[in-house]
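Only one chain is given next, in structure tokens, and it is the form predicted alone.
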């Protein structure tokens, strides 16, 4: 039988700080859900109070005004495609840089890291010109292909793969496995926590992306949930307030569910990252 833990003021202070931190994090989410069930006038007059009566008028207005199922489908297609492509290609590049010796490997990796210092906004116009000349404006390709690989994700996966013992890879080579087989059967299995983490970050980033779809998706049939939410933007204060809060809730809930479902893998990935 394990001895009972002694209560100390330090332990109490730690728990108090953790509870306060949890409240700070959860309050905005609660605030959003609470206002999504209020009528518009009550949101404007008392946004921080509990609703005097619950109403689904905001959700009804969202589905009546927008084709939410199409918006969700488009966002899911974009986010899933970018997540799968980026995670797979970034992992392949990270494995090569971490475990396959080749001339100029360290210099190449240093150059890749240096590109992270360049503000992404500088590439907006050149990228748009390229997409326009390829005829991809108005199509998902303009968002999926440029996002197919990420230097940050390569760096994150590489730091995890470095921690995998070289003896396992050498043993696989002695058994006759080639580099692609080692990557597919060994590396992907051992690096699952960091791959799940990268996939979560990719999915959330793609799902929440507003500027990219705004630039490239000029056809309403290809709009995402973020562009759908933008349609409720108006110059009249308070107009469509209940629809705005309801649509924000609908957009946010899937991300929260995904994160909590995979949070163990997320924390394990950062706990095992090596900084060599």
Partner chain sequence: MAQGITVVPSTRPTGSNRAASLWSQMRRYGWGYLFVLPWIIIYLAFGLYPLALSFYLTFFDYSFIRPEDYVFTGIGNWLRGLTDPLFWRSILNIFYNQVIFIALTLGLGLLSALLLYKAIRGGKIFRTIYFMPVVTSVVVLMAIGNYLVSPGGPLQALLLQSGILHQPIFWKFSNWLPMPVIALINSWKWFGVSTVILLAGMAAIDQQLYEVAALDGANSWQQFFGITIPQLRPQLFFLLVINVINGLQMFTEVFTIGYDVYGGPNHQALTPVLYLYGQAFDRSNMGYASALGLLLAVLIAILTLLQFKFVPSEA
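Model, not experiment: these values are computed from the prediction. Numbering follows the first chain given and starts at 1. Between two forms, the rigid core is the largest collection of C-alphas that superpose within 1.5 Å.
The following text describes the form predicted in complex with its partner chain, which does not appear among the structures shown.
Annotation: in the predicted bound form, residues 18, 166 and 208 each come within 4.5 Å of its partner chain through at least one heavy atom. Shown alone here, residue 80 lies farther than 4.5 Å from its partner chain in the predicted bound form, counting heavy atoms only. For residue 133, a non-hydrogen atom is located within 4.5 Å of its partner chain in the predicted bound form, even though that partner is not displayed. With a 4.5 Å cutoff on heavy atoms, residue 128 counts as touching its partner chain in the predicted bound form. Its partner chain in the predicted bound form is not approached by residue 68, whose heavy atoms all lie more than 4.5 angstroms from it. Checked against its partner chain in the predicted bound form, the candidates 199, 98, 156, 191 yield a single residue with a heavy atom inside 4.5 Å, and that residue is 98. Residue-level contacts in the predicted bound form: of 76, 84, 172, 92, one residue has a heavy atom within 4.5 Å of its partner chain, and it is 92.
In the predicted bound form, its partner chain lies within 4.5 angstroms of at least one heavy atom of each of the following residues of 18-44: 18, 19, 21, 22, 24, 25, 26, 27, 28, 29, 31, 32, in sequence order.
Core-superposed comparison between the shown form and the other one: the C-alpha position of residue 33 differs by no less than 2 Å. After superposing the rigid core, the Cα of residue 245 is displaced by 2 Å or more between the shown form and the other one.
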